[in-house]
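To begin, one chain is listed below as structure tokens, in the form predicted alone.
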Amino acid sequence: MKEQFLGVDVSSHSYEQLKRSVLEDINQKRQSFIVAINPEKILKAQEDQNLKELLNKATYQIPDGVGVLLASRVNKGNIKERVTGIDMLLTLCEQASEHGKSVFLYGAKPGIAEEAKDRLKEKYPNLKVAGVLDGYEKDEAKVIRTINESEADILFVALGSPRQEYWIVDHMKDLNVNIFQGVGGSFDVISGRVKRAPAIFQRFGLEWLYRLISEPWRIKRQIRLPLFLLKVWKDK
């Protein structure tokens, strides 16, 4: 259940399908890797073959961005809803709390993962947070040991993209975790340090517009969306 845009795979799973697949992966002790795909990443992958290969190594490439939905429509594909990175994180936490699975938060600046943990525990009182570790820990052996000793089922890695995805691919074999997801700045948002777009913007896939209004310097990045759609159309 994948579509391809300019050589980059994107999964067409809905949240419900992902929830079922991820729970089965955990129960079957399979390692799975989730990466969020947006037009910016796809365009960067055109100039970086290593990045393209990295993105295509993921088990689930979730369509994080309204541009991917539009591209699927251009190609008469089946991607019907966005699956954003932060909402996938929250979905997995809800799933973990319902099924007795545990999560580990790794990354971000000191203190932020701890604050994100507190907010997640408020939202999902039954959630088992097996551990937290900030992204400034330099001792890789300690990072691996701490995560393994936690016996977490799901690992969220917030080191920025694509660094976090490279880190996951490089360390999956050393970790006894089943589900890996790179989550970018999600801990900052969940902790309350960074404000997320209002619900009305989220509902209509206009978080990009809210960010553009809040941070006008983003215009150089946002104008790449028409370029992406033009490339997808020409690549049909």
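Every value quoted in this text rests on a predicted model; they were computed, and no experiment measured them. In this text, residue numbers run from 1 along the sequence as written.
Omitted from view is the form predicted together with uridine-5'-diphosphate (UDP), to which the following refers.
- Only one of 76-84, 92-100, 118-126, 135-143 places residue heavy atoms within 4.5 angstroms of uridine-5'-diphosphate (UDP) in the predicted complex, namely 135-143.
- Taking the partner from the other structure, uridine-5'-diphosphate (UDP) in the predicted complex has no heavy atom within 4.5 Å of any heavy atom of Leu105.
- For Leu159, a non-hydrogen atom is located within 4.5 Å of uridine-5'-diphosphate (UDP) in the predicted complex, even though that partner is not displayed.
- With contact defined as any non-hydrogen atom lying within 4.5 angstroms of uridine-5'-diphosphate (UDP) in the predicted complex, the contacting residues in 178-195 are Gly184, Gly185, Asp188, given in sequence order.
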